[in-house]
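Quick heads-up: it's one chain on its own, the form predicted on its own, in structure tokens.
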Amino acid sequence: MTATSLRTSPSPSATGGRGSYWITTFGCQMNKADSERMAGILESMGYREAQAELEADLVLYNTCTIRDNAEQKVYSYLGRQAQRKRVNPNLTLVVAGCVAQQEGESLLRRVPELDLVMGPQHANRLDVLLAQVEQGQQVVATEEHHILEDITTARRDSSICGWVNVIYGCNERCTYCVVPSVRGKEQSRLPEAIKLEMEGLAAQGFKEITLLGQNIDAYGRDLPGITPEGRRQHTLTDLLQFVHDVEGLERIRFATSHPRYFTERLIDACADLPKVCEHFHIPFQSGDDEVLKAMARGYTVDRYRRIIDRIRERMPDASISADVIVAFPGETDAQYHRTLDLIEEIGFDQVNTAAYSPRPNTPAADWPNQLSEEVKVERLREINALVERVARQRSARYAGRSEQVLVEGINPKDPEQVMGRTRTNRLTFFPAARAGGGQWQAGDLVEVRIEEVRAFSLSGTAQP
């Protein structure tokens, strides 16, 4: 897991009197979207973005607990800020996100300098909770809370590509996963509210939207309504069809999918809707049926293969990315090698890998058949090497082709290049200078001839 600091330029209306803030985000896209909303709330309250973390008057860590190393990194950061607060008691220190939800009041015992501990369901209540802090209270907000619509305050980290939450929480009970206990039960937003947010972003010049959900294929199953044919009225497929024609948007993506709910109807819709990109992130977690059963994933390897086969039948060039866990309790060498075989067989464009990490309040954490750290390290090393080799093989298909790239900005490592992504989500670099003069700008859609391929990125030249 990575930690990223939300860096935005302060708006003119937000240079006022409450001081400066700094947000560090750990973990997933959902956390990044939550951080954008919380940054918007802080700026609406009169905070301005700080130039450095150690100079901020309010420091907020939006945390992740899906892996132990991400959680421990949070405590390391907190120790540094706790020392600051002992010298400067006016510092406001906030822990949000999944570690906050998991630990609750025990965080205050471990780090008594904290002012506010708030779970993910309370992200859009940050102003209300800080008002209590300003009255001298030490606040813990981890109770179950209905997530109200709030589409006006997000302080977006990009002006071209935006996140839009469509469903919060997760009702699955995978035996290794802490997410349901820290993000709560599924809450789907109404399609009209989602479309309104997308229209607002398009009016601001956004070109690409990624629809987000912890388990996005479950969208709508908590909403009322049945079609005359007896089908649920609100599904992810219906949502894609409903929002597809938002004027000004060029691309639509969605994540993260669950193989249990990934339907042929959804695949066909993605193939038929021109704005939906040919990129699918579908975690498989293991290439062995017995391990999948122990994980309580609810599908088989053969079911996963059929999904990929159908995607490639309808969209032959589609890119497939996934998540996998190695060294799950009891995983044998043979079972682990079935995972390696599946990666090679399917030919993933990218796979996010992790060694199993026991998480609090999950069944697998208490099983006696835990594997050693040595096995975890070795399997992770081997699978990472395979993932890179397969990704490099998949990248080879781009050589010499022309790919449409949506420019996202300047390459931070080379100011003479711009960078963006293909529809299949390959990061691509090319010269910023236009043939007829001037420079390519963020938001431009450019045909790029690919001249150099790497495992996870491409380089080329813009076509006239």
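Just so it is clear, the model here is predicted, and its values are computed rather than measured. A residue's number is simply how far along the shown sequence it sits, counting from 1.
This protein has a second form, the form predicted together with S-adenosyl-L-homocysteine, left out of what is shown; the following refers to that one.
S.K.: If contact means any heavy atom within 4.5 Å, which of 262-270, 317-325, 80-88, 106-114 contacts S-adenosyl-L-homocysteine in the predicted bound form?
M.R.: Correct option: 317-325.
S.K.: Does Tyr176 reach S-adenosyl-L-homocysteine in the predicted bound form, with heavy atoms at most 4.5 Å apart?
M.R.: Although S-adenosyl-L-homocysteine is absent here, Tyr176 would touch it in the predicted bound form, with heavy atoms inside 4.5 Å.
S.K.: Would you classify Pro283 as touching S-adenosyl-L-homocysteine in the predicted bound form, given a 4.5 Å non-hydrogen atom cut-off?
M.R.: Yes, Pro283 sits close enough to S-adenosyl-L-homocysteine in the predicted bound form that at least one of its heavy atoms falls within 4.5 Å.
S.K.: I'd like to know whether Thr235 contacts S-adenosyl-L-homocysteine in the predicted bound form, with contact meaning heavy atoms within 4.5 angstroms.
M.R.: So Thr235 does not count as contacting S-adenosyl-L-homocysteine.
S.K.: Can any non-hydrogen atom of Lys207 be found within 4.5 angstroms of S-adenosyl-L-homocysteine in the predicted bound form?
M.R.: Contact with S-adenosyl-L-homocysteine, no.
S.K.: Report the residue, out of Tyr356, Tyr336, Phe254, Trp163, that has at least one non-hydrogen atom within 4.5 angstroms of S-adenosyl-L-homocysteine in the predicted bound form.
M.R.: Here the answer is residue option Tyr356.
S.K.: Quick check on this chain: which one of Arg379, Arg189, His258, His122 has a heavy atom within 4.5 Å of S-adenosyl-L-homocysteine in the predicted bound form?
M.R.: Result of the distance check: His258.
S.K.: Please determine whether each residue of His279, Gln350 and Leu458 possesses a non-hydrogen atom within 4.5 angstroms of S-adenosyl-L-homocysteine in the predicted bound form.
M.R.: Looking in the predicted bound form, the three residues His279, Gln350 and Leu458 all stay beyond 4.5 Å of S-adenosyl-L-homocysteine (heavy atoms).
S.K.: Can you list, in sequence order, the residues from 48-81 that come within 4.5 Å of S-adenosyl-L-homocysteine in the predicted bound form, counting heavy atoms only?
M.R.: The stretch touches the partner through Ile66, Arg67.
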